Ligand SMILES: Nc1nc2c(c(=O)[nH]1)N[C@H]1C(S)=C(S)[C@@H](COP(=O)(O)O)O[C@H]1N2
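Quick setup: one chain, the form predicted alone, written in structure tokens, and binding and motion questions come after.
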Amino acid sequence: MQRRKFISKTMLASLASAIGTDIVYGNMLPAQYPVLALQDPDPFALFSKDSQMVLLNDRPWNMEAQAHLLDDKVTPNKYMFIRNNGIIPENIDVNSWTLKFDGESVRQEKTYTLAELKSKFPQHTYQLTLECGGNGRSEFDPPAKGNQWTIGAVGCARWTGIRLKDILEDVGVKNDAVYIGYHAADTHLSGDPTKEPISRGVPMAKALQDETLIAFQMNGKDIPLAHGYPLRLIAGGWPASASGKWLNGISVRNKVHDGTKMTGTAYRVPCEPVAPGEKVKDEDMCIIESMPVKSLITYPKSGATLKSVASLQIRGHAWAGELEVSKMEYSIDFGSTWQACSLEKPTNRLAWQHFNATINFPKKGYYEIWARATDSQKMAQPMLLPGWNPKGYLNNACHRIAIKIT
């Protein structure tokens, strides 16, 4: 007789939180039986998200913030976007969780328990910017398929973990290593256990950066389940799809990793500009690496009304993938002229930077405030949409908010 599997303590706690009370005899709930009260679960309660977050879909779960929710310098869990490709794993047992290193370019396969990782290697904390490669997809025309993100699929939390390069040194890597690919415990939407929902990776140069972490904490606490508990790869400054959740394997490859969503058009853009709507061959698509320069006005909220002509304080964040932001500007005349903002240095490399400015309006009426960041290689955000691409990636057009002065 097959032994019944019961729901994990972690998932039970999440379900109880979503329902708003303890689940009596919850420890006896078989894992394959959904709780009736949550046939249509409240995702905001289930994932401890603010009710102003925007749900895009529930299979898989995808949710984004609104610009004004991202005002914190360090993004809290309740405002961090969710981008999933498969079904979130259940019955997680941290005591038996392992991380396996294999691939053509490891000297010997090696497996670590979570406890071993935490005790054997030095721990580091960095604030790192994660942004979905499709953030801003909803603005492309012709429309691109995929989650119709607006501006809120970005965040900059504080991550604690072990440098991947320290573990790779302990594992032993051959000279022919060119890429790492991750593997995870989430389930394919089809339910087929032989299929991975996503298995992406990064070149060795990125894997060996100080800031590339195998993380187990987000903002000083265990990583929330929706964000990869108990272990997550964090590769800040690159599309967040490179930061694999529910991490249980790393393959060190002697070629570009060819896992799920590493081939074809996934997380790739045309190597050369194309006309809107043009079809592009797979071999003419290039993998997205460092994200482009971008900024976001987080205060005030778009649509704010001022009762008299007065000065207005604005603030927000700017980021530039692997680079720093060197200049931040705003415009209130639809980009005809630009004024400088005060811009802070990043807390650490790959963290977003904070800006602010005081705006004086000449008279009553309707205004749009546009924000434009320029990176350390003098690349500035475009005022309008950047080059069209089939999957709607890398929209870094200037963010703008509406203000009315009555």
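Everything quoted here is computed from the prediction, not taken from an experiment. So that there is no doubt, residue numbering starts at 1 and follows the sequence shown.
The same protein also exists as the form predicted together with the named molecule; that form is not shown, yet it is the one meant from here on.
Practice task
Decide yes or no: are Leu70, Thr129 and Ala318 jointly within 4.5 Å of the named molecule in the predicted bound form, with each residue judged by its heavy atoms?
Solution key: Checking in the predicted bound form: none of Leu70, Thr129 and Ala318 is within 4.5 Å of the named molecule.
Practice task
Heavy atoms, 4.5 Å, the named molecule in the predicted bound form: which of 221 to 229, 91 to 99, 293 to 301, 329 to 337 makes the cut? Say which one.
Solution key: Heavy atoms within 4.5 Å of the named molecule in the predicted bound form occur in 221 to 229.
Handout entry: 4.5 angstroms heavy atom contact with the named molecule in the predicted bound form for Gly201
Key = Because no heavy atom of Gly201 falls inside 4.5 Å of the named molecule in the predicted bound form, the answer is no.
Exercise for the section: Using a 4.5 Å heavy atom cut-off, state whether Gly236 contacts the named molecule in the predicted bound form. Expected result: Output for Gly236 is no: heavy atoms all beyond 4.5 Å of the named molecule.
Handout entry: the named molecule contact at Ala184 in the predicted bound form, heavy atom, 4.5 Å
Key = Contact check for Ala184: yes, within 4.5 Å of the named molecule in the predicted bound form.
Problem - Close approach of Trp246 to the named molecule in the predicted bound form, 4.5 Å, heavy atom - result: Trp246: contacts the named molecule in the predicted bound form.
Exercise for the section: Name the residue from Phe81, Phe140, Tyr179, Phe216 that puts a heavy atom within 4.5 Å of the named molecule in the predicted bound form. Expected result: Filtering the options by heavy-atom distance leaves Phe81.
Handout entry: Option touching the named molecule, based on a heavy atom within 4.5 Å in the predicted bound form, out of Asn85, Thr160, Thr265, Thr150
Key = Among Asn85, Thr160, Thr265, Thr150, a heavy atom within 4.5 Å of the named molecule in the predicted bound form occurs only for Asn85.
Exercise for the section: Could you run down 380 to 406 and flag each residue that has a heavy atom within 4.5 Å of the named molecule in the predicted bound form? Expected result: Contacting residues: none.
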